[in-house]
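As structure tokens, the next two blocks hold two forms of the same chain, structure 1 and structure 2.
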Structure 1
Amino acid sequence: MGRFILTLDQGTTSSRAIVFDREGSIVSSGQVSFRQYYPKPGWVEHDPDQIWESQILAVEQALETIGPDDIGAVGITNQRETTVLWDRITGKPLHPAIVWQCRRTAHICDDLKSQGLEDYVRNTTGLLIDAYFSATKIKWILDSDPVIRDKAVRGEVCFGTVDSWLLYKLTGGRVHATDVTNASRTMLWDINRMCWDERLLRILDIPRSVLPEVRDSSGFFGEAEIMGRKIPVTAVAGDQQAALFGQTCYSPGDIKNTYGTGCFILCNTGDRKVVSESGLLTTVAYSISGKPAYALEGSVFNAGSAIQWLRDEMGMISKASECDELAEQVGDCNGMYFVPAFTGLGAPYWDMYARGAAVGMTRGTTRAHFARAVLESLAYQSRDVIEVMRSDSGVDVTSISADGGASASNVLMQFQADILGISVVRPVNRESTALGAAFLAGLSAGMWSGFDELRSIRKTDRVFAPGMDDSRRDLMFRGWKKAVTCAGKWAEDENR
């Protein structure tokens, strides 16, 4: 095999391609941003063709100095839940991709809840009924366009999360498949029997023929045609499960937190499916050789996107790193809290109608306080999740592993340790999502022998220890909870 692994890391705001060597080090990379579309309040769309084009451009950038002959295998990791429907014959998208953040299907979710399906959905799929997941997005597209529905009934439509879309395009339309981690995020996958659930398909009126074949996360998916060469695709995993794998969280109780567009906390529960009583999700962490491992997950919808909002919409900063620089100028937020519920609140609230709020401001509030409040909101949302994760899993959380773009912020990492009262461990290689997909691909391709070798590759950059006393920590967290109540149910009336 070639000397390197190529990871396609397709995210919510950009597509990246990263080449890793046997030591897990980055050899080269490429990144191309693409446009976000917001046609209505709470709606978020992507152009599937732009996703594909940006991904190919990123691959070409990454391989400028490394020929494709040196690539032994390809791993794919992707933004999850985002829904793409395309023509099975022509390969052309039939509708804009509905992004995981989009809230347009809230009314469909309300209808499912009114039918008393919440327990069935939770026990079958491990998920809660929410617009976050793919199932209601598929239904919305089919219901809104009779032409697409007719094509779907005739077996002429493919549904996929973004991994399936990329795999289809990479293989010239020969492969329509996904892996169990992505399937488990659709609200259509039975995590107990490991198959598509026929009852939910009937209730949502989704033809079985649109769904992809589901495979292990690590294994042969097909041959990608890249720069004139065929290279085996040997791994597919949703971005957060890939990050868990890249952080080498292979033992029950291992926890990671990824600070990306959203903020996602996963706890490995091994072969045990833990059903949450507190709004967490039960999901498939990965599957190798037909043996799935499970995880508890808390999903925060808006994290790094709040920093982007400060930059792009508010103009308070000119680059993301400036948020950290501003926050360092003040020791606290001067009583201000910011709740970034732009597209609702995820775990543990699951409030589709929440909207963003900034509270506690005075004439003494400055741009620096605002920047710090945005950073601190990521840590508060993480504490919301980890508190219920402790109670649901029975795990005594003593530290968490951090990765993702915002983990570069020392201010955020220190405040995260302070507000949690536990250590936060940041690895040298913070590209854990891409690395996890590379690890999964390399295991299948024979580059690495197993978990022990992968653990030896991961290196720690810094450990942030808590330095805040309990009374101060509890006081600040009570203020956060009060702020969340201001944001809750804000848009409920206008969506009915």
Structure 2
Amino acid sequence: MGRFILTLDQGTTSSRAIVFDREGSIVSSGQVSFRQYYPKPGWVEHDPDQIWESQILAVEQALETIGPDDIGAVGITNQRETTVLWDRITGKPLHPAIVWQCRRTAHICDDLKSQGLEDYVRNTTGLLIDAYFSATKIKWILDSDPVIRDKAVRGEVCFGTVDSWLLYKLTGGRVHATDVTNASRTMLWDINRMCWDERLLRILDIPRSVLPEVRDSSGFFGEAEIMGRKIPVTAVAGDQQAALFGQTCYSPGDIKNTYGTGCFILCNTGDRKVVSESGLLTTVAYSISGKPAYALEGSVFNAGSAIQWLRDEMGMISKASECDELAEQVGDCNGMYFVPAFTGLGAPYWDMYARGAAVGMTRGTTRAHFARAVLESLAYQSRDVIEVMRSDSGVDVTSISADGGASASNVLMQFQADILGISVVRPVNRESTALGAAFLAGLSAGMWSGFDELRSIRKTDRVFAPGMDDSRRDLMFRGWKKAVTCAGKWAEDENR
């Protein structure tokens, strides 16, 4: 096989292409942004053709000097849940892609809840009923236009998440497929029996024929035509699951945390499907040779966004890395806490009326304390989610792997280790998402032999060992809980 793996990393705001070598190092890359459409408040759309064109341009950039000849296999990773419907006969999109963030189907979700379907959906799909997931987006498009619905009934419509759409285009319309990680974000996939759920399809009035074939995350998907050459696509995985894989979280209890705009935390639970009592999602982590591994997923809504806020709205810093420099000047927050509940709080509080709070300040509180409190809030919120993962799953968590923009902060990484009482491992290559898709593709294509080899490839930049004694950790975490109480239900009266 060729010397390199090409990953297509199709994200929410840009399409990227990254070439990896056998050592997991980046050889070359390309990136092309595309337009976001906001046709109404709360609505978010992409143009499927622009997604495709930007992706191909990114590939051409990445292959500009090395060419396609040395590429042995292609892996695809993608923004999850975003919904594309296209014409099976012409291959043309039938509607703008409805992006995962789009809230237009909230009323359909309310209706499903009022039918008492929450337990059924959670036990079958592992998900909470929410507009994020593809199911209600498909229904919305089919209901919006009788012409599309008629075509769908005749079997002439394909639905796909963005991976399926790219795969279809790459293979010249020959393959209509997805992988289990993406299927498990549609709210139509039964994670127990590993098949589409007929009851949910019936309730949502979605014809079975629109759905893609579902395959392992690592395995042959089809031949892609790239710059005049045929190259096998051997992996597909949703972005967060790919990051878990790239972080080599292959054992139950392995956790990765991506510190981006929000935090995305996934915990491998092995062959156990843990149903959360606290609002975490159960999802497929990956599937290889017909054997699925599962994960618990939790997220923090506002993480790096709080650092952006400090820069853009408060003007306290001029760039994100300055937060670290300020925080380093002080060893602690001098008793202050910051709760970035700008849009409410997720697990384990689920309080959409919570709002931001800064508490515990004295006349001695400085800008440095404030900056540090903002950084620490990412770690406290992550601990909240990880504690729930521990208690829901009963797994023993011994370390977490970090990536994402804010994992550059040494203060944050050290404090995360301190407040969790476990080590935080930061890899050299923090492109975990693209690397994970490359790992999955290379496993199937025979570039790597198995998990042990992948673990040996991943190089650690730094391990942050916990250095705080138990009593101080408990004291500080109690303070955080008190601060959260202050932020809680703050805006409850707003709509009265």
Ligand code: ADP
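Given the structure is predicted, the values throughout are model-derived calculations rather than measurements. Along the sequence of structure 1, residues get numbers from 1 upward. Here, rigid core means the biggest group of C-alpha atoms that superpose within 1.5 Å across both forms.
Of the two forms shown, the one predicted alone is structure 1, not structure 2. Relative to the superposed rigid core, Asp396 undergoes a CA displacement of at least 2 Å between structures 1 and 2.
Core-superposed comparison between structures 1 and 2: the Cα of Phe34 travels less than 2 Å. Superposed on the core, the two forms barely differ at Thr65: its CA moves less than 2 Å between structures 1 and 2. After superposition on the rigid core, the Cα atom of Ala371 is displaced by 8.8 Å between structures 1 and 2.
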